[in-house]
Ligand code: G1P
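Take a look at this single chain in structure tokens; it is the form predicted on its own.
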């Protein structure tokens, strides 16, 4: 029934901020998937007879890995596995299923916003019982085990039908194929005033939701069109495809340019949004205005009480360190806690579990709340719609009134993608070496107040996470931040975050890159990006 297979370790199975991500041909190597999944199971205790959740974003190789994971779960002693129909579960939906059915944990098969296809990206992430990504102590244990693994166990069984809802059996383990949308949609109905949103749509309000041929297509069709009454055609690119239609499923102004152009046109809809490969990121565009993720976090937090699920108010707000300080001013006015964490949703989990934060967000288009333990793209869209339904103003009016109240944080991220890893690391190492000498110096007419390598001291479990990004803060509140991304699969991505706070409403209509021009030049002077990488300009500006 079960067999033990001898294997040899791979030395590259270190999970990043969102699990293990590699190119599909890497995962297709002999025993590569099996080694990693066994390393996950070997790093856990107490799961015999318990429930595991498995689902992914439908990208290439998803279905094959679902079958492998099911057989290995049976051989390792799980009692039941819940699988999204067709192997599909958005990342926030998977988190909800784990929490709702009190599962021991889950395997989320996704590389998030990265491209999919036979030569593109795949990923496996383990989520713990609270529904959130495994903390560092578990991911470190998984990596350590992956370097010493000698065998794995797997059920000798045929592949099962994962396309038909119902119960199956693998070697004595129950497998339940579940509707991937139903539980998530029910949760959204608890959190938001669907009647108010329906009334808004009936009044003539129009919207466009672009799923980018990724996982949120079925979720958008069910919730926005069927339950809320948006007209057919509101959801576009809604059929999940293994290669995302050959496109990059990252909801930013480069890869969702068609949506941006539509929203900037005279006859565009009132509201536009998009989500990414696995459904945890969002793009929000009002008619004539792009709402940056940092601003969206602040505006959602300031207006969350308008939705039934948050009418009691927020316990606190958390943001990743590179995210702009816009939410900080909301927290100050609401007299609630404000927490600055490293990049990576797993760092929000402790704050949410401890009841210290209610809404969290990252500048990389991830926003969510304590309803699950992942960021949630469609949740952010629905909260925006709930706010617009109650206030009956445009997204542009929401933004302008917010800036008038709190000031505006001009903000942009410049990504240098596919940089030689050694060159990227040298750039960061050189920056670290300069830190003690930077305060008090002037660059591009700006005086540096402080500079540091951000370290996070978790207020809940007291753990410390060092080397989370280089911060250079200028007098007057502006700053630039440099860090290497952990979400790519080839080379390195250098991210440069540029921010200027502008309290004067008369200066809230500047073009963003122009408003940040001196800071952008200062970032180059400080880091020597061109000298280190040979790049004259970023790959992507958001």
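None of these values were measured; they are calculated from a predicted model. Numbering follows the first chain given and starts at 1.
Omitted here: the form predicted in complex with 1-O-phosphono-alpha-D-glucopyranose (G1P). The next part is about that form.
- With the partner left out here, 1-O-phosphono-alpha-D-glucopyranose (G1P) still marks one of 110 to 118, 234 to 242, 454 to 462, 387 to 395 in the model of the complex; by a 4.5 Å heavy atom cut-off that stretch is 110 to 118.
- Among 497, 32, 60, 47, the residue placing a heavy atom within 4.5 Å of 1-O-phosphono-alpha-D-glucopyranose (G1P) in the model of the complex is 497.
- Between 1-O-phosphono-alpha-D-glucopyranose (G1P) and the residues 373, 281, 319, 408, the one pair within 4.5 Å by heavy atoms in the model of the complex involves 281.
- Shown alone here, residue 295 lies farther than 4.5 Å from 1-O-phosphono-alpha-D-glucopyranose (G1P) in the model of the complex, counting heavy atoms only.
- 1-O-phosphono-alpha-D-glucopyranose (G1P) in the model of the complex is not approached by residue 269, whose heavy atoms all lie more than 4.5 angstroms from it.
- With a 4.5 Å cutoff on heavy atoms, residue 364 counts as touching 1-O-phosphono-alpha-D-glucopyranose (G1P) in the model of the complex.
- At a distance threshold of 4.5 angstroms between non-hydrogen atoms, residue 414 is out of contact with 1-O-phosphono-alpha-D-glucopyranose (G1P) in the model of the complex.
- In sequence order, 17, 18 are the residues of 1 to 20 having a heavy atom within 4.5 Å of 1-O-phosphono-alpha-D-glucopyranose (G1P) in the model of the complex; the partner itself is omitted from this view.
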